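What follows is one chain in structure tokens, specifically the form predicted alone.
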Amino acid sequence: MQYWFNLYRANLKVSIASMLQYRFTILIWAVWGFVGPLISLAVWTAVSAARGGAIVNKASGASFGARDFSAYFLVYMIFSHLMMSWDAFEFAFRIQNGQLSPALLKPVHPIHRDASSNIAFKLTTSAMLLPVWILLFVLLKPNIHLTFESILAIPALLLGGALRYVLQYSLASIAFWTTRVEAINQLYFSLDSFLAGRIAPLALMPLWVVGIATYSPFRAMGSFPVELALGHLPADQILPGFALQIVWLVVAAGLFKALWRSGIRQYSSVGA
């Protein structure tokens, strides 16, 4: 444990120092995470205003007004930032330009260095974005009612972030067989947009969509921590939600291990 602690501490120091040299670029990438949730918030707020102030799903009985949408998408914005991962987009580029080859010669798996960079990015940008997040909460006045169960959103957030990271690294590993992974990535993120509650709260979706999302990994690394933080989950759905997160994390880890071992065996450097 001491070895891994020292390894991650050293990598975090290097990653944070590197990011602080490109503060404005890092800030632009961080602000980009605002776009999706704010667009969804604007659309659903306009729709709710046009329908008399609230949208009701008659099948589930869920009702969302403007301040409810503000609460959902503002919390989703923060949680999405803390759970984000980008390795699915970068990994193919590393293979194409030869950056992966020297990384494979090191005694530590590349995933650990990438995980350190991921954590460093979130620590650095969260400090930058904190005043903006506070300002948005003050201006939009979200309807948030914290409950005792809301504290459970913290472990749900950590599990969701770990699941998203390992699952996307598994997706990135497909680049061992083809460096043109854009179509696969787009399919993944299209499913994620609908089934993780990124475009709209799942409570407002048709029941068949909710059924698929509930048992998919996307809700486990998307709206589940958000719903838990906002107190939208019945008590009998909390433990099953955590169980699904753990099950999908184990599946994702097994998938990554299998893809990596198979990919490395047939890998040959492409770049210089």
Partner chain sequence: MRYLKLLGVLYRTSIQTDMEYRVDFFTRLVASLLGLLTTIGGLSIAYGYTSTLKDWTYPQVLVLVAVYYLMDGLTEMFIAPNMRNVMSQVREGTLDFVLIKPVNAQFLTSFRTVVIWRAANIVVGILLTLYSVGRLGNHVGLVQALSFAVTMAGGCAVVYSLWLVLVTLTFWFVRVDNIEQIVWQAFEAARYPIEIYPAWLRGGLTYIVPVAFIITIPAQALSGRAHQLPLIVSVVIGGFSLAAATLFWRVGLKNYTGASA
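Numbering follows the first chain given and starts at 1. Keep in mind it's a predicted model, so treat the numbers as computed, not measured.
Absent from the display: the form predicted in complex with its partner chain. The rest refers to it.
In the predicted complex, does each of 39, 47 and 204 have a heavy atom within 4.5 Å of its partner chain? Yes: each residue has a heavy atom within 4.5 Å of the partner.
Just one of 119, 174, 162, 199 has a heavy atom within 4.5 Å of its partner chain in the predicted complex. Which one? In short, 199.
Would you mind picking the one in 99, 193, 124, 147 that has a heavy atom within 4.5 Å of its partner chain in the predicted complex? Exactly one listed residue reaches within 4.5 Å, namely 193.
Can you pick the stretch from 240-248, 211-219, 227-235, 31-39 whose heavy atoms fall within 4.5 Å of its partner chain in the predicted complex? It is the stretch 31-39.
Would you classify residue 66 as touching its partner chain in the predicted complex, given a 4.5 Å non-hydrogen atom cut-off? No, residue 66 sits far enough from its partner chain in the predicted complex that none of its heavy atoms falls within 4.5 Å.
Can you work out whether residue 21 and its partner chain are in contact in the predicted complex, taking contact to mean some heavy atom pair no more than 4.5 Å apart? The answer is no: residue 21 has no heavy atom within 4.5 Å of its partner chain.
With heavy atoms only and a cut-off of 4.5 Å, decide whether residue 183 touches its partner chain in the predicted complex. Judged by the heavy-atom cut-off of 4.5 Å, residue 183 is in contact with its partner chain in the predicted complex.
Although its partner chain is absent from this view, report whether residue 262 comes within 4.5 Å of it in the predicted complex, heavy atoms only. Taking the distances in the predicted complex, the answer for residue 262 is no, it never comes within 4.5 Å of its partner chain.
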